[in-house]
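One protein chain, two forms: both are listed below as structure tokens, the first as structure 1 and the second as structure 2.
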Structure 1
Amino acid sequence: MAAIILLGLNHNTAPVELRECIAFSEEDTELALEELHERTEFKEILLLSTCNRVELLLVTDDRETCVAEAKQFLAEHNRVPLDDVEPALYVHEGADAIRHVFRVASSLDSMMVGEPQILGQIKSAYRTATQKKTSGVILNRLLHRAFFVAKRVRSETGIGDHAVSISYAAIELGRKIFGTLEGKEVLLVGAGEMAELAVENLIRHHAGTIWVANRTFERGLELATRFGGRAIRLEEIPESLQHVDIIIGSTGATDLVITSDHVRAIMRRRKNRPLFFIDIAVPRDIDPAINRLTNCYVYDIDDLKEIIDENIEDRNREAIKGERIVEEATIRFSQWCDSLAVVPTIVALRRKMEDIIDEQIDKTLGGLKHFSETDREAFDRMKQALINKMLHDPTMFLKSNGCLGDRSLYLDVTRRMFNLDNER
């Protein structure tokens, strides 16, 4: 019987230093799916990698091998010793894995309960899995159900009424540092969704000029133009540091974008005016060593938790309603998964009955030459009717909630009672 396994780490189990080591870029994700798909123990695979979590969602017929191989893969692919990774990993199976997927999609497991970005990130991960053909019948249904559950939680609770994002928290941190953002010049390193949300919040707080530096200059120019800012190339970042007050890093770069050498070179020209860095990227964009320079302050994604906690009480109350929706969906999807195991047993039971009846009919009618083909067809119809009637109640029992407790126990008894797993 195929099992759903979820294995990963997140902001609750691993610090940012470990998460950035395990993070997968878009290209890495595609390569990882291709590599895992070649291994027979992985029937279906989805890989989700965000700034707050890295998770493998798997379908397998061999749980123990699958979990061991997945752990080894996460460590080896990222060149991190397994002993460093394993303590931060969690493993969920069956209903627990299903519930976890639904909670993550609904933003009930996020650092900021109610933040909307995670659903888009899961949809992107699912799109990659479908393109690489690593998602099959079970994960297709599970992910579509997760999207539906997330929509219900968003529409039937107030979880999104005061929703914040990491970008929101970053701007709130900036306000706490300066008292006000009015007139403060801000450099955004990266022009993705995080940066867009940051720009919207900066404008709301009347920030000064917003500079945008992005790997693709065209994308940076588009964002800067839309909000009346100024686009620069990544190579111009060191020079721009002498003009801005706050730098927010949110790229998908694998190496540091701003180093301590960049900052040290411009601090004299800034006349030691304070410079604040808020790094919401994983892997990090900004060198933590900058913190050691005079009047330079670096905050990373884990430092935002205090800001988030102050705004989370209302959303937590609404999250209780969301948990009920998730639990209901988990029960229903688990029942569907159980029904998949029922089908092979019913098919095997029907086939065995057909073989027994066919054998007896052949023995009984084999020597009777006066039976026509029409007579034999009548016996065949009678055979099918008998089997349908005999299997009706057992089928309904195994498919419905008549199985109290562990359905697999009843399936095992049925297969043993009728000797379905051995040659007759």
Structure 2
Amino acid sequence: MAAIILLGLNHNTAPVELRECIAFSEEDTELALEELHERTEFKEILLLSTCNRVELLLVTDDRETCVAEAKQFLAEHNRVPLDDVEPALYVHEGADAIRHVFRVASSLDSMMVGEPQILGQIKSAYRTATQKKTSGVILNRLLHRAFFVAKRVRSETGIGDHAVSISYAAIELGRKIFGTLEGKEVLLVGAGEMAELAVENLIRHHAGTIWVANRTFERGLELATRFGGRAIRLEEIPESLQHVDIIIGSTGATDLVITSDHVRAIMRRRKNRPLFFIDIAVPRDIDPAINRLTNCYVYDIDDLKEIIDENIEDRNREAIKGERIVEEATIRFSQWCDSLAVVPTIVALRRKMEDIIDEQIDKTLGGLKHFSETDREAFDRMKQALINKMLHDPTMFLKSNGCLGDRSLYLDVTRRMFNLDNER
């Protein structure tokens, strides 16, 4: 009987140095699939490679050889000694492998629980496998199930809710203040990776003009050109507060760049439209006292980090619900896998026929009261004989090795053709 095996390493078991050695590029993946597909033990193969994990999902009849060969392959293909790779590898089989696939797809196994990229990465890994024709009846069904489970986990739990990065947390807050960020003008004071990331996110939310103020005007001009905005000098900041709505502070200055007095002077001219200050500089650029002014909101890096920590806790709580959904799906998928054995299929087929004939006999004999008990027994014997004769050839076929090594395909076809799982 075919077994599902999952073998791989992830951010928990392998350090980044090892993960980057083992990683497969798009082309590598195709080559690997081709190479493994030539070996007869590997009946179905899927290779998932992301920056946090490399996993081989396999269907095989011969698990020992398969696992050994797969390990060997991972090491050799990437020219890493097997002894280095082996301790980082985990091997799951049957229900454990199924559960693992579902958890990965639902982003419950991710470094950042609930991050949305993983599902897309699995989808593309599956697409590659189908193009290379290395996925078969079991993996097709497993992966489609996994996509469905992932969707359910995302829609029924809050694992994807709330920002878990500084720039997204700032965006979320901005939307709670302004409703929409569309057309809101942004002043970037200083530069820095995190600040620029935040500005890019704001632009994605259709923010208005981006103003850039920098100690060196050239650098400011350069950034402004990149964001399609305008550069101003540091001295112009107090004046610019009249026009902008969101201020991001990110300078290396030791003193405050924007003080409470600056803001107080400008609020009346702004007609009290709200101002949102995001201070990601250490030491701080923006006077915390500004937060006490009406319609002004100041969040510094610690405030944002606190929000993120809370959100991560929320996600982890939600993940528990996700685990339940995964468990349910795992049980149901395991049942389907078990049903793919020959005997249960034949038994189910027999029962189906018995049910049909019983129903028809009852219907016919219901109107014919003159048959005796002995007559009825004769009908019953006829029923058994009919079923035996009818099922003889299908049984022989399913039990034989004539299925070209892919018995699960024919079992699946049989089950679906006769609707043995009551799916219709």
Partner chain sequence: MENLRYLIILLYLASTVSYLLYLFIQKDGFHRAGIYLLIAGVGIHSAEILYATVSSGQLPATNLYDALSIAAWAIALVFLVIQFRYKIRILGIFAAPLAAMVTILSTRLPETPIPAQNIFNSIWFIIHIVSVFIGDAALALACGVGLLYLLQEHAIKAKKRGFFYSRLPSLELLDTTGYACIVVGFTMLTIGLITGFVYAKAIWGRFWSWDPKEVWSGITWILYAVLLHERLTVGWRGRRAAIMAIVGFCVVLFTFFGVNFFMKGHHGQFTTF
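What we label the rigid core is the largest C-alpha set whose atoms superpose within 1.5 Å from one form to the other. Quick note, the numbers are simply positions in structure 1, starting from 1. Please read all numbers here as calculations on a predicted model, not as lab measurements.
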Check your understanding: Do you think the form predicted on its own is shown as structure 1, or as structure 2?
Key -> 1
Check your understanding: Cα of F276 displaced 2 Å or more between structures 1 and 2, core superposed?
Key -> yes
Exercise for review: Answer yes if the Cα of T294 shifts by 2 angstroms or more between structures 1 and 2 on a rigid-core superposition, and no otherwise.
Suggested key: yes
Practice item. Classify R145 as shifted (yes) or not shifted (no) between structures 1 and 2, where shifted means its C-alpha moves by 2 Å or more with the rigid core superposed. Key: no
Practice item. Let me know the CA shift of R204 between structures 1 and 2 in Å, rounded to one decimal, core fitted. Key: 7.8
Review point. If the rigid core is lined up, how many Å does the C-alpha atom of M382 shift between structures 1 and 2?
Key: 3.4
